[in-house]
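Take a look at this single chain, the form predicted alone, given in C-alpha coordinates.
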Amino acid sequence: MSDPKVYQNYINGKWVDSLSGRTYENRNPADTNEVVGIFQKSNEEDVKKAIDAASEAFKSWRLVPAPKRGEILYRVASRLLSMKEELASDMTREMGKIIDETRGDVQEAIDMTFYMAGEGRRLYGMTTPSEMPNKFNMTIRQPLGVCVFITPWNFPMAIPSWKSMPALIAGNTIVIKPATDTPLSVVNFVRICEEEGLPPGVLNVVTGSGSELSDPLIKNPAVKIVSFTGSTEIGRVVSEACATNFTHCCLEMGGKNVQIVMDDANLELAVDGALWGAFGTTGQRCTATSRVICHKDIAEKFTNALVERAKKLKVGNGLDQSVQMGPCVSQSQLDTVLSYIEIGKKGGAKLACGGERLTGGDHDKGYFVQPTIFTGVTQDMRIWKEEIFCPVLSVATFDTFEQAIEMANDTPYGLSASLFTQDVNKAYTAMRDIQTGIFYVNAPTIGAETHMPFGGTKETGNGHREASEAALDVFTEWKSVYVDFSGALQRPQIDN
(Lines give C-alpha, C1' and ligand atoms only; values in the text may rest on other atoms or scores of the structure.)
Protein backbone atom coordinates (compact mmCIF):
# COMPACT_ATOMS: atom_id res chain seq x y z
CA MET A 1 0.00 0.00 0.00
CA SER A 2 1.16 3.53 -0.76
CA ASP A 3 1.87 5.94 2.07
CA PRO A 4 -1.14 8.04 3.10
CA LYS A 5 -1.30 11.57 1.74
CA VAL A 6 -0.24 14.42 3.99
CA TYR A 7 -2.60 17.41 4.01
CA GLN A 8 -1.61 20.92 5.05
CA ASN A 9 -3.22 23.99 6.57
CA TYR A 10 -4.32 26.73 4.18
CA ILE A 11 -3.24 30.18 5.39
CA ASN A 12 -3.09 33.37 3.34
CA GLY A 13 -3.39 31.55 0.05
CA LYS A 14 -0.68 28.95 0.74
CA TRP A 15 -0.75 25.30 1.83
CA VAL A 16 1.64 25.07 4.76
CA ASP A 17 2.71 22.68 7.50
CA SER A 18 1.84 23.50 11.07
CA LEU A 19 4.50 25.39 12.95
CA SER A 20 4.08 22.78 15.68
CA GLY A 21 5.72 20.15 13.47
CA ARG A 22 3.05 17.69 14.61
CA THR A 23 0.48 15.71 12.62
CA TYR A 24 -2.25 13.15 13.28
CA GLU A 25 -3.90 10.30 11.40
CA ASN A 26 -7.47 10.34 10.16
CA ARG A 27 -8.78 6.77 9.85
CA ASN A 28 -11.83 5.31 8.13
CA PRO A 29 -14.42 4.45 10.82
CA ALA A 30 -15.71 1.56 8.69
CA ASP A 31 -12.20 0.14 8.24
CA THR A 32 -9.72 1.45 10.75
CA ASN A 33 -6.88 -0.20 8.85
CA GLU A 34 -7.24 2.54 6.24
CA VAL A 35 -5.56 5.87 6.95
CA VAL A 36 -7.59 8.44 5.01
CA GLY A 37 -4.86 11.06 5.42
CA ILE A 38 -2.31 12.72 7.66
CA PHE A 39 -3.37 16.16 8.92
CA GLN A 40 -1.67 19.02 10.70
CA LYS A 41 -1.93 19.23 14.47
CA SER A 42 -1.96 23.01 14.59
CA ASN A 43 -1.01 25.27 17.46
CA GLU A 44 -1.75 28.77 18.72
CA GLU A 45 0.78 30.35 16.38
CA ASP A 46 -0.87 28.76 13.33
CA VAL A 47 -4.22 30.15 14.45
CA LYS A 48 -2.77 33.64 14.89
CA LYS A 49 -1.28 33.59 11.40
CA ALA A 50 -4.62 32.51 9.94
CA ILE A 51 -6.53 35.23 11.80
CA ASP A 52 -3.94 37.85 10.81
CA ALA A 53 -4.28 36.78 7.17
CA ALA A 54 -8.07 37.01 7.35
CA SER A 55 -7.85 40.44 8.99
CA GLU A 56 -5.62 41.78 6.23
CA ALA A 57 -7.71 40.24 3.46
CA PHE A 58 -10.89 41.78 4.87
CA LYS A 59 -9.65 45.25 3.96
CA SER A 60 -9.94 44.52 0.25
CA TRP A 61 -12.53 41.69 0.15
CA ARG A 62 -15.24 43.83 1.75
CA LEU A 63 -14.83 46.34 -1.10
CA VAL A 64 -15.29 43.75 -3.87
CA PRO A 65 -18.81 44.33 -5.25
CA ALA A 66 -21.16 41.65 -3.91
CA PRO A 67 -22.22 40.53 -7.43
CA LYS A 68 -18.52 39.92 -8.22
CA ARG A 69 -18.14 37.92 -5.02
CA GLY A 70 -21.18 35.97 -6.19
CA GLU A 71 -19.49 35.12 -9.48
CA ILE A 72 -16.70 33.36 -7.58
CA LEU A 73 -19.24 31.46 -5.51
CA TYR A 74 -21.09 30.45 -8.65
CA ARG A 75 -17.88 28.94 -10.03
CA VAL A 76 -17.28 27.14 -6.73
CA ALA A 77 -20.79 25.65 -6.85
CA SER A 78 -20.31 24.48 -10.42
CA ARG A 79 -17.02 22.84 -9.47
CA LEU A 80 -18.58 21.12 -6.46
CA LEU A 81 -21.24 19.76 -8.78
CA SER A 82 -18.70 18.40 -11.24
CA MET A 83 -16.75 16.71 -8.42
CA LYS A 84 -19.74 15.46 -6.43
CA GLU A 85 -18.97 11.75 -6.67
CA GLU A 86 -15.31 12.13 -5.73
CA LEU A 87 -16.13 14.41 -2.80
CA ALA A 88 -18.86 12.07 -1.55
CA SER A 89 -16.52 9.07 -1.69
CA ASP A 90 -13.88 10.91 0.36
CA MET A 91 -16.52 11.90 2.88
CA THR A 92 -17.79 8.34 3.32
CA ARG A 93 -14.22 7.17 3.87
CA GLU A 94 -13.57 9.73 6.61
CA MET A 95 -17.00 9.98 8.24
CA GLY A 96 -18.67 6.63 7.57
CA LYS A 97 -22.19 7.54 6.46
CA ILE A 98 -23.48 5.75 3.39
CA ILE A 99 -22.63 7.05 -0.07
CA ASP A 100 -26.18 8.22 -0.83
CA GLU A 101 -26.04 10.41 2.26
CA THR A 102 -22.62 11.84 1.51
CA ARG A 103 -23.84 12.68 -1.98
CA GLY A 104 -26.63 14.54 -0.23
CA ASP A 105 -24.12 16.30 2.02
CA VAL A 106 -22.18 17.53 -1.00
CA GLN A 107 -25.46 18.50 -2.68
CA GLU A 108 -26.29 20.71 0.30
CA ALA A 109 -23.00 22.50 -0.22
CA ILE A 110 -23.82 22.88 -3.92
CA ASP A 111 -27.29 24.20 -3.16
CA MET A 112 -26.08 26.63 -0.50
CA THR A 113 -23.30 27.96 -2.71
CA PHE A 114 -25.57 28.54 -5.71
CA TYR A 115 -28.15 30.12 -3.40
CA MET A 116 -25.71 32.54 -1.80
CA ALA A 117 -24.09 33.36 -5.13
CA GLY A 118 -27.47 34.75 -6.13
CA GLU A 119 -27.68 36.77 -2.93
CA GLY A 120 -24.78 38.83 -4.27
CA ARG A 121 -27.40 40.74 -6.25
CA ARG A 122 -29.96 40.68 -3.47
CA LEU A 123 -28.25 41.96 -0.32
CA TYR A 124 -31.32 44.08 0.19
CA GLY A 125 -31.75 46.83 2.73
CA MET A 126 -34.86 48.93 2.87
CA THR A 127 -35.93 52.47 2.19
CA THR A 128 -38.56 54.16 4.29
CA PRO A 129 -40.16 57.60 4.37
CA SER A 130 -38.63 60.11 6.74
CA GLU A 131 -40.79 61.98 9.18
CA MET A 132 -39.04 65.16 7.96
CA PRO A 133 -39.40 66.81 4.53
CA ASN A 134 -36.60 66.57 1.97
CA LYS A 135 -34.89 63.74 3.78
CA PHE A 136 -34.14 60.17 2.65
CA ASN A 137 -33.83 57.14 4.97
CA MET A 138 -32.38 53.74 4.12
CA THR A 139 -30.69 50.71 5.67
CA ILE A 140 -27.72 48.76 4.31
CA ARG A 141 -25.99 45.53 5.32
CA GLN A 142 -22.31 45.65 6.19
CA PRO A 143 -19.91 42.74 6.88
CA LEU A 144 -18.58 42.07 10.36
CA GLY A 145 -14.95 41.17 9.58
CA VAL A 146 -13.12 37.99 10.56
CA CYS A 147 -15.37 34.97 11.17
CA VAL A 148 -14.23 31.83 13.02
CA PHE A 149 -16.08 28.61 12.26
CA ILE A 150 -15.84 25.53 14.45
CA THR A 151 -17.59 22.83 12.44
CA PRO A 152 -18.80 19.30 13.31
CA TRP A 153 -17.96 15.90 11.89
CA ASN A 154 -21.44 14.70 10.95
CA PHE A 155 -21.97 17.07 7.98
CA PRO A 156 -18.38 17.88 7.11
CA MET A 157 -19.10 19.80 3.90
CA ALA A 158 -22.73 20.89 4.20
CA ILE A 159 -22.35 22.75 7.50
CA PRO A 160 -19.10 24.52 6.54
CA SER A 161 -20.91 25.71 3.42
CA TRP A 162 -23.90 26.91 5.49
CA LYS A 163 -21.52 29.12 7.42
CA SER A 164 -18.99 30.08 4.74
CA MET A 165 -21.18 31.05 1.82
CA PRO A 166 -23.37 33.68 3.53
CA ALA A 167 -20.27 35.04 5.28
CA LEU A 168 -18.33 35.33 2.03
CA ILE A 169 -21.12 36.86 -0.05
CA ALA A 170 -21.57 39.51 2.65
CA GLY A 171 -17.88 40.44 2.46
CA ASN A 172 -16.45 38.72 5.53
CA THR A 173 -13.26 36.65 5.78
CA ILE A 174 -12.97 33.27 7.45
CA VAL A 175 -10.87 30.90 9.54
CA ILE A 176 -12.31 27.36 9.74
CA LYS A 177 -11.32 24.76 12.31
CA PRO A 178 -12.91 21.52 11.05
CA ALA A 179 -13.77 18.61 13.30
CA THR A 180 -10.75 16.47 14.13
CA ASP A 181 -12.51 13.37 12.80
CA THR A 182 -13.42 14.85 9.39
CA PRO A 183 -10.88 17.39 8.12
CA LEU A 184 -10.60 16.07 4.56
CA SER A 185 -13.99 17.31 3.38
CA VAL A 186 -13.22 20.83 4.55
CA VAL A 187 -9.76 20.73 2.94
CA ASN A 188 -11.41 19.60 -0.31
CA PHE A 189 -13.95 22.40 -0.03
CA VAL A 190 -11.32 25.06 0.63
CA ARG A 191 -9.11 23.81 -2.21
CA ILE A 192 -12.00 24.23 -4.66
CA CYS A 193 -12.60 27.77 -3.39
CA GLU A 194 -8.90 28.54 -3.90
CA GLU A 195 -8.82 27.10 -7.41
CA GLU A 196 -11.94 29.01 -8.44
CA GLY A 197 -10.45 32.37 -7.59
CA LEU A 198 -11.12 33.19 -3.96
CA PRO A 199 -8.34 35.67 -3.03
CA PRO A 200 -5.58 34.74 -0.55
CA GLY A 201 -6.49 35.23 3.10
CA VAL A 202 -10.23 35.33 2.52
CA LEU A 203 -10.72 31.68 3.53
CA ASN A 204 -8.23 29.89 5.79
CA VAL A 205 -8.25 26.45 7.40
CA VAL A 206 -6.33 25.10 10.39
CA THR A 207 -6.76 21.49 11.48
CA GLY A 208 -6.17 19.97 14.88
CA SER A 209 -7.58 19.58 18.35
CA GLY A 210 -10.53 21.69 19.39
CA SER A 211 -9.44 21.72 23.02
CA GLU A 212 -6.04 23.10 22.01
CA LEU A 213 -7.21 25.62 19.41
CA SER A 214 -10.52 26.89 20.78
CA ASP A 215 -9.10 29.62 23.05
CA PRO A 216 -6.77 31.18 20.46
CA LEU A 217 -9.56 31.02 17.88
CA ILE A 218 -12.28 32.52 20.05
CA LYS A 219 -10.40 34.99 22.23
CA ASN A 220 -8.41 36.80 19.54
CA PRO A 221 -9.81 40.37 19.54
CA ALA A 222 -9.62 40.52 15.73
CA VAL A 223 -12.37 37.88 15.52
CA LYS A 224 -15.80 39.48 15.16
CA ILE A 225 -18.02 36.40 15.16
CA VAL A 226 -17.72 32.74 16.15
CA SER A 227 -20.14 30.25 14.59
CA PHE A 228 -20.16 26.90 16.37
CA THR A 229 -22.05 23.68 15.72
CA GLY A 230 -21.75 20.95 18.33
CA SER A 231 -22.89 19.95 21.78
CA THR A 232 -24.76 22.25 24.14
CA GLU A 233 -22.07 21.69 26.76
CA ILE A 234 -19.29 23.01 24.50
CA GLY A 235 -21.57 25.68 23.06
CA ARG A 236 -22.03 27.14 26.52
CA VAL A 237 -18.25 27.39 26.92
CA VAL A 238 -17.95 29.07 23.50
CA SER A 239 -20.66 31.57 24.43
CA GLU A 240 -18.97 32.48 27.69
CA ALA A 241 -15.60 32.91 25.98
CA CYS A 242 -17.10 35.17 23.31
CA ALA A 243 -18.73 37.36 25.93
CA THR A 244 -15.35 38.65 27.17
CA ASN A 245 -14.69 40.61 23.95
CA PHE A 246 -18.37 41.08 23.02
CA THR A 247 -17.68 38.83 20.05
CA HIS A 248 -20.82 37.87 18.14
CA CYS A 249 -21.72 34.23 18.61
CA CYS A 250 -23.94 31.89 16.61
CA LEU A 251 -24.60 28.52 18.26
CA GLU A 252 -26.32 25.45 16.79
CA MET A 253 -26.31 22.72 19.40
CA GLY A 254 -28.18 19.67 20.66
CA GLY A 255 -31.55 18.12 20.02
CA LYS A 256 -33.87 15.47 21.44
CA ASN A 257 -36.27 15.36 18.55
CA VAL A 258 -39.67 13.74 18.63
CA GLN A 259 -41.98 12.11 16.11
CA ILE A 260 -45.64 11.96 17.17
CA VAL A 261 -47.80 9.27 15.57
CA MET A 262 -51.56 9.84 15.88
CA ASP A 263 -54.15 7.07 15.70
CA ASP A 264 -55.27 8.30 12.25
CA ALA A 265 -51.73 8.36 10.80
CA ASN A 266 -50.65 6.54 7.68
CA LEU A 267 -48.75 3.90 9.64
CA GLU A 268 -46.58 2.68 6.79
CA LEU A 269 -45.46 6.25 6.13
CA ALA A 270 -44.90 6.85 9.85
CA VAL A 271 -42.71 3.74 10.08
CA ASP A 272 -40.73 4.90 7.04
CA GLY A 273 -40.27 8.29 8.72
CA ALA A 274 -39.14 6.89 12.05
CA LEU A 275 -36.74 4.44 10.44
CA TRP A 276 -35.07 7.14 8.33
CA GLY A 277 -35.19 9.77 11.08
CA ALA A 278 -33.66 7.51 13.74
CA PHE A 279 -31.11 5.54 11.74
CA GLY A 280 -30.16 7.81 8.85
CA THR A 281 -26.55 8.99 9.35
CA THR A 282 -26.37 6.26 12.03
CA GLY A 283 -28.46 8.56 14.22
CA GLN A 284 -25.60 11.06 14.21
CA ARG A 285 -27.63 14.16 13.34
CA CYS A 286 -28.71 16.99 15.60
CA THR A 287 -32.16 16.56 14.01
CA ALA A 288 -32.24 12.75 14.32
CA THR A 289 -35.45 11.22 15.62
CA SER A 290 -34.54 10.23 19.16
CA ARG A 291 -38.07 9.79 20.53
CA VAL A 292 -41.26 8.42 18.98
CA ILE A 293 -44.51 8.79 20.88
CA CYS A 294 -47.48 6.79 19.59
CA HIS A 295 -51.17 6.92 20.35
CA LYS A 296 -51.92 3.95 22.61
CA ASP A 297 -54.42 2.48 20.12
CA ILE A 298 -51.83 2.00 17.38
CA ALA A 299 -48.63 1.73 19.43
CA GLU A 300 -48.30 -2.06 19.28
CA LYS A 301 -48.95 -2.28 15.54
CA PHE A 302 -46.60 0.61 14.80
CA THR A 303 -43.81 -0.66 17.05
CA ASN A 304 -43.94 -4.20 15.72
CA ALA A 305 -43.63 -2.94 12.15
CA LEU A 306 -40.82 -0.56 13.07
CA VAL A 307 -38.82 -3.22 14.94
CA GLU A 308 -39.22 -5.69 12.08
CA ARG A 309 -37.90 -3.13 9.59
CA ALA A 310 -35.02 -2.04 11.85
CA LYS A 311 -33.81 -5.61 12.25
CA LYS A 312 -33.47 -5.89 8.46
CA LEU A 313 -31.31 -2.79 7.99
CA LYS A 314 -27.98 -3.69 6.44
CA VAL A 315 -25.11 -2.16 8.40
CA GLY A 316 -21.63 -1.90 6.92
CA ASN A 317 -19.17 0.12 4.88
CA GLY A 318 -21.01 3.05 3.36
CA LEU A 319 -19.20 2.72 0.01
CA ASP A 320 -21.23 -0.45 -0.56
CA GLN A 321 -24.39 0.74 -2.33
CA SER A 322 -26.47 -1.98 -0.65
CA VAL A 323 -25.60 -0.80 2.88
CA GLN A 324 -28.31 1.19 4.68
CA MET A 325 -26.45 2.33 7.80
CA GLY A 326 -22.76 3.01 8.35
CA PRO A 327 -20.58 2.97 11.46
CA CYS A 328 -20.31 5.35 14.36
CA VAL A 329 -17.72 7.98 13.55
CA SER A 330 -15.20 6.97 16.24
CA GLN A 331 -14.44 4.67 19.12
CA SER A 332 -15.59 7.32 21.59
CA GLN A 333 -18.92 7.65 19.78
CA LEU A 334 -19.32 3.86 19.80
CA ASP A 335 -18.56 3.83 23.52
CA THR A 336 -21.23 6.47 24.04
CA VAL A 337 -23.94 4.49 22.30
CA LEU A 338 -23.06 1.28 24.13
CA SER A 339 -23.13 3.10 27.46
CA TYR A 340 -26.55 4.58 26.73
CA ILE A 341 -27.88 1.17 25.77
CA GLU A 342 -26.85 -0.05 29.22
CA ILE A 343 -28.43 3.04 30.78
CA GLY A 344 -31.68 2.24 28.96
CA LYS A 345 -31.67 -1.37 30.14
CA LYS A 346 -30.93 -0.46 33.74
CA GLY A 347 -33.48 2.34 33.66
CA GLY A 348 -36.34 -0.07 33.00
CA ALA A 349 -36.90 0.35 29.26
CA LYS A 350 -37.52 -2.76 27.16
CA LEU A 351 -34.90 -3.52 24.52
CA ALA A 352 -37.02 -4.35 21.45
CA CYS A 353 -34.13 -4.83 19.02
CA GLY A 354 -30.43 -4.18 18.61
CA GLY A 355 -28.34 -3.20 21.58
CA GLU A 356 -25.09 -4.86 20.58
CA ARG A 357 -21.86 -3.98 18.84
CA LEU A 358 -21.67 -5.72 15.48
CA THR A 359 -18.72 -8.10 15.15
CA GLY A 360 -17.44 -10.67 12.74
CA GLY A 361 -16.09 -10.27 9.23
CA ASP A 362 -15.70 -6.71 8.04
CA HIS A 363 -17.57 -5.44 11.10
CA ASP A 364 -14.47 -6.16 13.19
CA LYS A 365 -12.64 -3.42 11.28
CA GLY A 366 -14.97 -0.60 12.26
CA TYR A 367 -17.22 1.01 14.85
CA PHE A 368 -20.48 -0.75 14.03
CA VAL A 369 -23.53 -1.08 16.27
CA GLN A 370 -26.97 -2.53 15.68
CA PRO A 371 -29.94 -0.20 15.13
CA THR A 372 -31.49 -0.12 18.60
CA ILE A 373 -35.07 0.47 19.72
CA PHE A 374 -36.35 0.73 23.30
CA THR A 375 -40.04 0.52 24.12
CA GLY A 376 -41.89 1.26 27.34
CA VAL A 377 -39.85 4.42 27.75
CA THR A 378 -41.13 6.92 30.30
CA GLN A 379 -40.40 10.58 30.86
CA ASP A 380 -38.28 10.01 33.96
CA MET A 381 -35.69 7.88 32.10
CA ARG A 382 -32.33 9.24 31.02
CA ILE A 383 -32.73 7.88 27.50
CA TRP A 384 -35.85 10.05 27.23
CA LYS A 385 -34.10 13.19 28.40
CA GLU A 386 -30.49 13.12 27.14
CA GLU A 387 -29.13 13.53 23.63
CA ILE A 388 -27.44 10.28 22.57
CA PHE A 389 -26.39 11.14 18.98
CA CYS A 390 -26.34 7.50 17.93
CA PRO A 391 -28.80 4.95 16.45
CA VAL A 392 -30.90 4.54 19.60
CA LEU A 393 -34.64 5.24 19.43
CA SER A 394 -36.96 5.52 22.44
CA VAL A 395 -40.66 4.70 21.95
CA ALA A 396 -43.36 5.86 24.36
CA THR A 397 -47.15 6.05 24.24
CA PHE A 398 -49.81 8.69 24.95
CA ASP A 399 -53.56 8.78 25.52
CA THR A 400 -54.59 12.23 24.28
CA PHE A 401 -53.33 14.78 21.78
CA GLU A 402 -52.78 17.28 24.60
CA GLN A 403 -50.60 14.74 26.41
CA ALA A 404 -48.58 14.22 23.21
CA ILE A 405 -47.85 17.94 23.00
CA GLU A 406 -46.74 18.01 26.64
CA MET A 407 -44.47 15.01 26.12
CA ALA A 408 -42.97 16.49 22.96
CA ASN A 409 -42.05 19.66 24.84
CA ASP A 410 -40.60 17.74 27.80
CA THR A 411 -36.98 18.34 26.83
CA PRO A 412 -34.39 21.08 27.37
CA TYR A 413 -33.87 21.14 23.59
CA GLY A 414 -36.04 22.55 20.83
CA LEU A 415 -34.66 21.75 17.40
CA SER A 416 -37.00 19.55 15.35
CA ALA A 417 -40.30 17.70 15.71
CA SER A 418 -42.75 15.94 13.44
CA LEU A 419 -46.38 14.85 13.52
CA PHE A 420 -48.01 12.09 11.49
CA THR A 421 -51.76 12.64 11.17
CA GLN A 422 -54.57 13.12 8.66
CA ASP A 423 -56.23 15.76 10.87
CA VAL A 424 -55.36 19.24 9.62
CA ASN A 425 -56.60 20.85 12.84
CA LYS A 426 -54.21 18.80 14.96
CA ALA A 427 -51.40 19.50 12.50
CA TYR A 428 -51.82 23.26 12.85
CA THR A 429 -52.25 23.06 16.61
CA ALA A 430 -49.03 21.08 16.97
CA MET A 431 -47.27 23.44 14.56
CA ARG A 432 -48.17 26.29 16.93
CA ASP A 433 -47.65 24.61 20.31
CA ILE A 434 -44.56 22.42 19.93
CA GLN A 435 -41.49 24.39 21.00
CA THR A 436 -39.04 23.77 18.17
CA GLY A 437 -37.38 25.77 15.44
CA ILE A 438 -38.26 23.15 12.80
CA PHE A 439 -41.53 21.27 12.43
CA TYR A 440 -42.67 18.63 9.92
CA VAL A 441 -46.11 17.25 9.11
CA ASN A 442 -46.17 13.68 7.77
CA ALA A 443 -42.38 13.66 7.40
CA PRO A 444 -39.49 12.68 9.71
CA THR A 445 -37.57 15.10 11.89
CA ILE A 446 -34.69 15.23 9.38
CA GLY A 447 -34.65 16.72 5.90
CA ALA A 448 -34.05 20.47 6.16
CA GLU A 449 -33.65 22.40 2.90
CA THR A 450 -31.02 25.08 2.38
CA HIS A 451 -33.42 27.92 1.52
CA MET A 452 -35.24 27.55 4.85
CA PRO A 453 -33.91 28.85 8.21
CA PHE A 454 -32.24 26.16 10.31
CA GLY A 455 -31.96 26.27 14.08
CA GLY A 456 -33.81 25.71 17.31
CA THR A 457 -35.14 27.03 20.58
CA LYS A 458 -34.21 26.54 24.24
CA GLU A 459 -30.81 24.87 24.70
CA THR A 460 -30.50 24.05 21.02
CA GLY A 461 -29.24 27.51 20.09
CA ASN A 462 -28.92 31.17 20.99
CA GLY A 463 -31.61 32.56 18.73
CA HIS A 464 -29.77 32.74 15.40
CA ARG A 465 -30.58 30.72 12.30
CA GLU A 466 -28.34 29.15 9.69
CA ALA A 467 -29.04 28.74 5.96
CA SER A 468 -31.51 30.74 3.86
CA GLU A 469 -31.68 34.51 3.86
CA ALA A 470 -31.75 34.36 7.67
CA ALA A 471 -28.03 33.51 7.66
CA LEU A 472 -27.26 36.96 6.28
CA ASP A 473 -28.49 38.44 9.55
CA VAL A 474 -25.78 36.46 11.35
CA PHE A 475 -22.94 37.69 9.14
CA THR A 476 -23.95 41.32 8.60
CA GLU A 477 -24.78 44.32 10.71
CA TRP A 478 -27.44 46.84 9.81
CA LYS A 479 -26.48 50.45 9.23
CA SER A 480 -29.20 53.12 9.17
CA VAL A 481 -28.40 55.99 6.80
CA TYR A 482 -30.11 59.41 6.79
CA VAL A 483 -29.60 61.83 3.90
CA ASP A 484 -30.98 65.31 4.51
CA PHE A 485 -31.20 67.43 1.35
CA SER A 486 -33.33 70.20 2.83
CA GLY A 487 -30.38 72.56 3.32
CA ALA A 488 -31.51 73.25 6.88
CA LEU A 489 -31.07 71.70 10.32
CA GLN A 490 -34.04 69.42 10.99
CA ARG A 491 -34.54 67.83 14.37
CA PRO A 492 -36.62 64.61 14.38
CA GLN A 493 -39.17 64.30 17.19
CA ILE A 494 -38.76 68.04 17.88
CA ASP A 495 -39.36 70.05 14.72
CA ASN A 496 -42.20 67.91 13.45
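None of these values were measured; they are calculated from a predicted model. A residue's number is simply how far along the shown sequence it sits, counting from 1.
FYI, the form predicted in complex with a small molecule isn't displayed, but the following is about it.
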Non-hydrogen atom within 4.5 angstroms of the small molecule in the model of the complex for each of 69, 120 and 172
no
Go through 78 to 86, 127 to 135, 309 to 317, 159 to 167 and give me the stretch that gets within 4.5 Å of the small molecule in the model of the complex, heavy atoms only.
159 to 167
Can you pick the one in 147, 274, 286, 329 that has a heavy atom within 4.5 Å of the small molecule in the model of the complex?
286
Find the only residue in 53, 430, 36, 446 having a heavy atom within 4.5 Å of the small molecule in the model of the complex.
446
Using heavy atoms and a 4.5 Å limit, would one call residue 108 a contact residue for the small molecule in the model of the complex?
yes
Taking the shortest heavy atom distance, is residue 154 within 4.5 Å of the small molecule in the model of the complex?
yes
